[in-house]
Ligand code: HPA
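Before any questions on binding or motion, here is one chain by itself as structure tokens, the form predicted on its own.
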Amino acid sequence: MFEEGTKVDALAEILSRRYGEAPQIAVILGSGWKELASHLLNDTYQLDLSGLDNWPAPKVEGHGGQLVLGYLAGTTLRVGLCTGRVHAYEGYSAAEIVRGVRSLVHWGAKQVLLLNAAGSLRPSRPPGSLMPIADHLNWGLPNPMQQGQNCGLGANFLNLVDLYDPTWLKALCAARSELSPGVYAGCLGPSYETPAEIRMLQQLGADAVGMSTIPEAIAARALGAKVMAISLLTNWGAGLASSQPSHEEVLATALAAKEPAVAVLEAALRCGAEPASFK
């Protein structure tokens, strides 16, 4: 799929030419995160991604189409906040889902922080809590390394041990002692899982379930970036605590959890930063 590689290279070149230095950490904001994050940055510049040819546009409520560039307050850490993502359930291919992440890493981002909203599968993780991802179960999301989706590089038998960088994860959990890493299950969507599927995922060892993140994590890792991911748990999985999941509930819970979510996001950025980034 050489054409896909050409699109990624062209997007990276445009970003570099127009906006100079790449962010050290590129952040992909999931459902409900868009309203929480931007005030963390100083000296910001906002780019409308719809103005870039071949950058897939998010369509889901709670996702934006901007890239916000700036510096984490009190540091020289350059951060790029991508205010939304696209999903397989919107009809996008694996290559399209990860085109933004690939472009940001090609531009020069060395670390990728992936945020999402997810359903909780464990009583110890109520809605409103946050879960750093230690590992995942891929239950139907497309793999960007498969033939035809990998920028012309062919099949890549990528080692996914420690996909979610253990050093970054350990530092975050040390900084925020309330956090407990868990296993994220990725399902295709867009319908929510059935109660029977939730019970199956529990038995397989999943702690949360969502419809994103995994393809981006794989693509970023394949390009040599360090990866961290955090789920904001916005609802109980279907059948738990009489849950009737809805997107409205997801967005409302995310907004209600603004303070802890922003605190954890800031901690994740600081833990991922190089020491030279601090003034």
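Being a predicted model, the structure only gives us computed values, none of them experimental. We number the residues from 1 along the sequence you see.
Missing here is the form predicted together with hypoxanthine; even so, the following discussion is about that form.
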| query | finding |
| --- | --- |
| Selected contact from 112, 82, 118, 79, since only one has a non-hydrogen atom within 4.5 angstroms of hypoxanthine in the model of the complex | 118 |
| Heavy atom of each of 132, 164 and 171 within 4.5 Å of hypoxanthine in the model of the complex | no |
| is_contact(residue 209, hypoxanthine) in the model of the complex, heavy atom dist at most 4.5 Å | yes |
| Contact label in the model of the complex: residue 192 to hypoxanthine, heavy atom within 4.5 Å | yes |
| Contact of residue 254 with hypoxanthine in the model of the complex (heavy atom, 4.5 Å) | no |
| 4.5 angstroms heavy atom contact with hypoxanthine in the model of the complex for residue 231 | no |
| Residue stretch of 223-231, 47-55, 209-217, 66-74 approaching hypoxanthine in the model of the complex, non-hydrogen atom distance within 4.5 Å | 209-217 |
